[in-house]
Structure formats: C-alpha cells, structure tokens
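Okay, here we've got a single chain as structure tokens, the form predicted on its own, with questions on binding and movement later.
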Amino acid sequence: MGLTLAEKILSEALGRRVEAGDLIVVNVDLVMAHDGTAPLAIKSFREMGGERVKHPERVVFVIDHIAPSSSEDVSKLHKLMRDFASEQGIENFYDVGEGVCHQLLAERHVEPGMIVVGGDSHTCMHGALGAFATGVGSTEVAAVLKTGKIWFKVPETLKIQVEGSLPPMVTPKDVILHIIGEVKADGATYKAVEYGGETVRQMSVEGRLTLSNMAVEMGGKTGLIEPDEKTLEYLKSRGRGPGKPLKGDRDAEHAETLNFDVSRLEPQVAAPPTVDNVKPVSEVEGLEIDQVFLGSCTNARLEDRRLAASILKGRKIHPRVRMLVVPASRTVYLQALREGLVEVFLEAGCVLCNPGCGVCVGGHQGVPAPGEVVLSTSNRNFVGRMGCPEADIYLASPATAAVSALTGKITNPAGWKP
C-alpha cells in the first residue's frame, strides 16, 4: 500500500515509513508565532527552564494582529517579543507593517517538504506549497523553541477532488466555502485535507493558498496540495529553491474521497454565526451592509487586489458603506501601488490600512457597531470575531465583496464587468 502526501512528507522527514495513526516525534523546520501567541510562548519557554532557543534560525516572529499597537498593554507585549528576539538571535523578526504572518512565511520561508508549525490555526495554509504545516498552541511553540522537535499523530487523509472550469466571477474562495458548507466544521477533524483535480491544477498558487488556509474551518490538521510547476515557479520568483516536492502514491489509502464539480458553481456566502453556514449568494442577495473588508490571510494577496480593483475602477462605493482594504504584506502593497491599484481603491472611496491582520482580528481597526452587517473576505465569522458580538459577519470572495460595496447590499458579482 502506498503513502498519502501527508504520510510521504512525514516519512521523508523521519527517514522511515510512517502511516496514519502512528505517533511520531519530528524535527521542526520552521516555527512561527505572532503577537497574539508569542508572549505566552515566551512565558512558557521560561517556565520550562528554557535559556537558549534550540534553532533561532528556524524561528519566525511577526507583529501583525494588533499592529500598530492600540494601547500601552499591547505595546508591552510587542516589546517583549522584540527583546526576546534580540536576546535569542532570532533574525526572522517582522515588525509592524511587514504583513500577515502566513503571507510572510509563504513569500519568504516555506518550501515543499518542510515541517512547519505556527502559533495560529491558519498555519495550515502552507500545505498549498507542499509542506506539512499546522497550527499549534503557544505552549507547544515554547516546547519547539526549547527542543526543536514536536510530536504528532500521523493524520488520516481526506482527499477532495475538484473538477470543472470556474464560471466568471467565481473564485477559489467560493470553491472552499462551498466545500466547507458540504463537509461541515467537524467533517475533517484531525485529518490532512488533500486538494486535487483539474480545477485546483488550474488555480494560481495564490488561489491554492486560499483553499489550504481554510482547511482548519473543516477541522483539518493541514491542507495539502501536491507541488507542481506553478509551485516551483512561485518559489523561484521569490528567490527560493524547490525544497523537496513530494507526491502521494496512486495506491495510497484515504479515509474518504469527496468529489466536487464546480463548473456551475454560484458565488458563495458564509452567513453568521459559523463558517459552514454556507449559502449561494442568491439566497442572501439584497441584504444591506454597513462595512466591507478586503483583507486577511485568506484574501489579501495581489490576485485578490487586482480582481477587486477591476470591479471598482471608475466607480464609487455606496455612500452608506465603509470599505477597508488591508494588504497581506508590504510586498503586496508595493506591487499594488506600482500597478495603480491603490489609486483605484482611493478614488472609489475605500480606506487603505497598513499591511497586517487589521479588521479580521477586531482588536483595533474596523470594529463594527452593534446591529451592523459586515461582508468580509476573511476566514471566520464567529460571534464577536471582529470585536463586536452584536454585529453580523458574512464571508465572501473579493469579487462579491467589491460588487456589494458598490451596491450597498450583498450582490451576485456574476454579470458584472470591469
């Protein structure tokens, strides 16, 4: 019997064959923590008797969740991270304004075959580059800082095959929302979600990152996509090598295989209060909105900026709507500036914020008022997610978000032309 992609990566890392259900201890190639998780990790590291980080060159610290700081208390946490990084020789330190932790890892660090853990659940995003990447708690981050290792139970694999050419204005975000709506929030608990099929092969790497990012919204341990020429070109364009691009075996055993035909898929919306409460946009079309958020580690990349800008160009957002645009990284911001996208957003009436998590966290930017409705391109819509438990958050694609910002209500982007 062959091995799945998850089993193959973990077997390669250990130098011996492992299968689903095995308990293993493996060396970590990259560990990340941000300002929401690093302070507790540092505290736990000290409590564990940690004096020196085992592999400081494999550590990435990012200040992105509440950046710039919103209070003296937050500033103290940021300073704690800066001081610890300086003390321990952690050179991969990204301060305020560099961007979202997951985007920075994709742009600058992750390669196929790596074992990546992060103090954030959406670390699973890096499976789109062929790495075994997963989120862990702050105390586990501390243990990795101290030892350089982590233990896993090798996960079973849920194979998701996606076929069909996407209709106009239907995006990878719509695909993953549709999948989550079918699989549900606990349908892939502790499984490696492996995406495949012609639709996935046709997607850009940026689109694939969106799929893998939201594997955790099904309960997934990681979200994997086999590396191909697009993956290697993405890495090469960013000055990185191919790493160890691995593929699962044809005769590998999967816990389950689900097949999706998206050739007639309508744009999707996740209604509050859960990500798996997914509906075709036609079922919620016409609902008035107060705020639109174009950003987050799910949809703040250049591809998303280009799509939204193509819709907004020469138009004005609805006078009742606030549209906040937050780029995933400084690199994305600079390229959007060079391409004239920033000018399009500003002329349309959008508010541009610094690179980071921004509105998604609800800590300091774009907190809605009670009773307001937010349409967001982020990955979660739980009660209180954006800082107000009495606001309603709907999730959608950049296309749906941009068109809805123009009309002032949730609107199907199908038929809209740049």
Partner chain sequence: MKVKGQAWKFGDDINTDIIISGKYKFKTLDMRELAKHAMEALDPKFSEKVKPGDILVAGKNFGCGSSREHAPRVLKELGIGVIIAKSFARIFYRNAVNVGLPVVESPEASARISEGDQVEVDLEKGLIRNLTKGETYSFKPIPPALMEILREGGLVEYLRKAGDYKL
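Numbering follows the first chain given and starts at 1. Since the structure is predicted, the reported quantities are computational estimates derived from the model, not experimental observations.
The protein also exists as the form predicted together with its partner chain; that form is not presented, and the subsequent description refers to it.
Participant: Would you mind picking the one in 185, 255, 271, 334 that has a heavy atom within 4.5 Å of its partner chain in the predicted bound form?
Facilitator: Flagged contact: 185.
Participant: Of 68, 56, 349, 387, which residue is found within 4.5 angstroms of its partner chain in the predicted bound form when only non-hydrogen atoms are counted?
Facilitator: Contact check passes for 387.
Participant: According to a 4.5 angstroms non-hydrogen atom cut-off, is residue 47 in contact with its partner chain in the predicted bound form?
Facilitator: Residue-level check for residue 47: yes, a contact with its partner chain.
Participant: Check whether residue 282 has any heavy atom within 4.5 Å of a heavy atom of its partner chain in the predicted bound form, and answer yes or no.
Facilitator: Because no heavy atom of residue 282 falls inside 4.5 Å of its partner chain in the predicted bound form, the answer is no.
Participant: With a cut-off of 4.5 Å between heavy atoms, is residue 365 one of the residues that contacts its partner chain in the predicted bound form?
Facilitator: Contact check for residue 365: no, nothing within 4.5 Å of its partner chain in the predicted bound form.
Participant: Just checking whether residue 221 would be counted as a contact of its partner chain in the predicted bound form - the rule being heavy atoms within 4.5 angstroms.
Facilitator: Yes, residue 221 lies within 4.5 Å of its partner chain in the predicted bound form.
Participant: For the chain seen here without its partner, which of 235-243, 150-158, 167-175, 287-295 has a heavy atom within 4.5 Å of its partner chain in the predicted bound form?
Facilitator: In short, 150-158.
Participant: In the predicted bound form, does each of 23, 40 and 143 have a heavy atom within 4.5 Å of its partner chain?
Facilitator: Judged in the predicted bound form, 23, 40 and 143 all sit within 4.5 Å of its partner chain.
Participant: For a quick check, can you give me the residues of 133-148 that have a heavy atom within 4.5 Å of its partner chain in the predicted bound form?
Facilitator: Residues within 4.5 Å: 134, 135, 136, 137, 138, 139, 140, 143, 146, 147.
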